[in-house]
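First, one chain by itself: the form predicted on its own, in structure tokens.
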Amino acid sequence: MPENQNMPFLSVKDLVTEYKSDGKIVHAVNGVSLTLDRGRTLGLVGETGAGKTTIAKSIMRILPDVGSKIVGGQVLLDGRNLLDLPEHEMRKIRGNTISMIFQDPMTALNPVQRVGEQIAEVVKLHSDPGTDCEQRAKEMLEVVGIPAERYYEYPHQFSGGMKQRVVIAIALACNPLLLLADEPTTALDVTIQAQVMDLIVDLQKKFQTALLLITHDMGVVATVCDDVAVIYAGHIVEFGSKEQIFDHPTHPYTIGLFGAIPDMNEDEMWLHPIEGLPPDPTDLPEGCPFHPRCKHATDACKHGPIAPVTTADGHMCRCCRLDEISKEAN
């Protein structure tokens, strides 16, 4: 698809996604809006269960067939609404224009199929007849640092880090324009995590791919991302450049996230966790979903939708006490 120069490459507008569980409605994603340009990296940050993975699966339209539903919104990829496309069109896009790296390499690969064949399968699905799919798969193995001769081996013959490299090779085999990475290093040890993230970033720059990185690791965000969206209970509560979010966090939840991170320059005995627990997604509080845990909450925070406030430089925060909190922080 030709790139439209007048709009962001990816634009998610007012996305709402729900699940049904035990007869209740799980409000997983609640009016999420975000943008991402070609070649840039956006980090989706939030606690477990905040809706990060559901956003990615909604973009890919790979939600479970039973019990899940995209209720409203738009997912515009280069101006084309993916939510309006028939399924046979989406099958052409998945793995080709958009790819996803899943968080657990142990379960992302077929255990009874050779790893090279799993890469070649994606190439065959999206390439012209006559393409040497095996050769392309071997090239991708080399790209992610695995010798081509291991094409014929099975997943159980690879370590966790090597399996994740195979998953990355599958995701990038057709040079996608958009890569969704769902906590791609969670199942790996620390040293391998750094290697895998370096690999993803290097390949992203090589192919000029837009990267949506789902993580709860602020260190990874600081190293990799250009922009950051902070998610709480299915709402984006703060959005801005990495510098804006790290240097000037404004939403109480974002401030709480940074307060819970140990400071190597401070001699403190205890961490400062955010009090309380995330809300039940089947029974979200009215008003700001964070207000039951927020020390700044007033009656105004408990009623009606909280309008986002965006500064001239594009830093967005969804808080009705933004001025007071900013003054207190300064």
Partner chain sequence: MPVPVIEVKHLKKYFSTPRGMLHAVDDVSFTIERGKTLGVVGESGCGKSTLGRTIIHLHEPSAGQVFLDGNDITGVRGGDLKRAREKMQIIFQDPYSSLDSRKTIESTVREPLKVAKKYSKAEIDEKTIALMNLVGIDERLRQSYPHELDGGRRQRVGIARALALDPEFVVCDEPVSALDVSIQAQVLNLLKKLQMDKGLTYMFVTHDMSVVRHISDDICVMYLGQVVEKCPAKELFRMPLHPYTKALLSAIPSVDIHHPNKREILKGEITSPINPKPGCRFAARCPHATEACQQAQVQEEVSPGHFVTCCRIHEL
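Note that the structure is a prediction, hence the values are computed from the model and not measured. Numbering follows the first chain given and starts at 1.
Unshown form predicted together with its partner chain; subsequent notes refer to it.
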Between its partner chain and Gln74, Ser127 and Gln208, in the predicted complex, does every residue show a non-hydrogen atom at 4.5 Å or closer?
no
Among 96-104, 110-118, 218-226, 166-174, the stretch whose residues bring a heavy atom within 4.5 Å of its partner chain in the predicted complex is 218-226
At 4.5 Å between heavy atoms, is Leu180 in contact with its partner chain in the predicted complex?
no
Original post:
Is Arg293 close enough to its partner chain in the predicted complex to count, meaning some heavy atom within 4.5 Å?
Top reply: yes
Hey, in the predicted complex, does Ile274 get a heavy atom within 4.5 angstroms of its partner chain?
yes
Q. Do Tyr154 and its partner chain share at least one heavy atom pair within 4.5 Å in the predicted complex?
A. no
In this chain shown alone, the residue from Asp132, Asp84, Asp247, Glu149 with a heavy atom within 4.5 Å of its partner chain in the predicted complex is Asp247
Partner-free chain; cross-checking its partner chain in the predicted complex, the single residue of Glu243, Glu142, Glu89, Asp202 with a heavy atom within 4.5 Å is Glu243
Near its partner chain in the predicted complex, with a heavy atom at 4.5 Å or closer, the residues from 104-132 are none
